[in-house]
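Only one chain is given next, in structure tokens, and it is the form predicted on its own.
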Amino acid sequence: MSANALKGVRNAAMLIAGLLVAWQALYWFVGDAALRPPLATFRYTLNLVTSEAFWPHLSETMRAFAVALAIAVSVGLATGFWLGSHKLSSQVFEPMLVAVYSIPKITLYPILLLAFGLGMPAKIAFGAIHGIVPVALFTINAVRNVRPILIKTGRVHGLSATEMVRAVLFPAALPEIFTGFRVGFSLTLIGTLLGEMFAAQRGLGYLLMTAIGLHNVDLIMAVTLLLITFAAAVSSVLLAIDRRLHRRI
């Protein structure tokens, strides 16, 4: 293992140890009314993930999140390449895109419920609208920053619009596009969970909201720990890939 890798592992271990110490100290200060200590939370989480009742909730959330992320990335990339490649379209629609992004998404949820009803479609739609705009905005900026000589070379070779995107724009803009994907991943996950919290009958968001209503601190802590662990692990991997892509520029 290289020195940089060892340093990264050591820093990660120190960060985790510091968080556990802070968690335990906060528990001593707050008490059982709002928190559980780390060891008790880990024990309860292990029991939770080994129970049969937990897996339908996890499966529901993962399916909704996967579909929402696929929609967010595909629509965001298509919008980003379109607006990034056409100056007039960008001048007209990009301000609208930024304006939509500034709207608190929770205000749109009643409209989504009327359009899609309760259940999976509404959760997918709510997760997707959180991720589409950041992916699109990063892609727009990435396409604009592609060196003009590359675009001119593609035109000289008579590439079609689709071939231009596939062979020239996408490879050249990939590092910044991936940054948009990383941001879109996090926001789509948040949107999916929020959708489950407000109008769903299954899923981790529903489980968390039920625990809050029943003041089940153990379940709140366990679900929160699982979500934070998953998000932190995937985000760390995506961040490492993102940095590697940017170092190649």
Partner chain sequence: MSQASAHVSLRGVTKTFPSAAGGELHALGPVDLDLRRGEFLAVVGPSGCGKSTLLELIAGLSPPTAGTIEFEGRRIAGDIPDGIGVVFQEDACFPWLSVEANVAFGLRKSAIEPAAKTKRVREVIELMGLTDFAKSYPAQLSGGMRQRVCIARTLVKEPRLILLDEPFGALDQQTRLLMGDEVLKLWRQTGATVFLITHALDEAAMLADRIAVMSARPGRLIDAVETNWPRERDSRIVERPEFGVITARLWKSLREESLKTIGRAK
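Residue numbers count along the first chain shown, from 1. From a predicted model like this one, the values you see are computed outputs, not experimental measurements.
Not pictured, yet referred to below: the form predicted in complex with its partner chain.
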Which one, 85 to 93, 99 to 107, 168 to 176, 136 to 144, holds residues whose non-hydrogen atoms are within 4.5 Å of its partner chain in the predicted complex?
168 to 176
So in the predicted complex, does any heavy atom of residue 117 sit within 4.5 Å of its partner chain?
no
Residue-level contact is defined here as any heavy atom of the residue lying within 4.5 Å of its partner chain in the predicted complex; does residue 78 satisfy this criterion?
no
Answer with yes or no whether residue 111 is in contact with its partner chain in the predicted complex, where contact means some heavy atom within 4.5 Å.
no
May I ask you to state whether residue 153 is within 4.5 Å of its partner chain in the predicted complex, using heavy atom distances?
yes
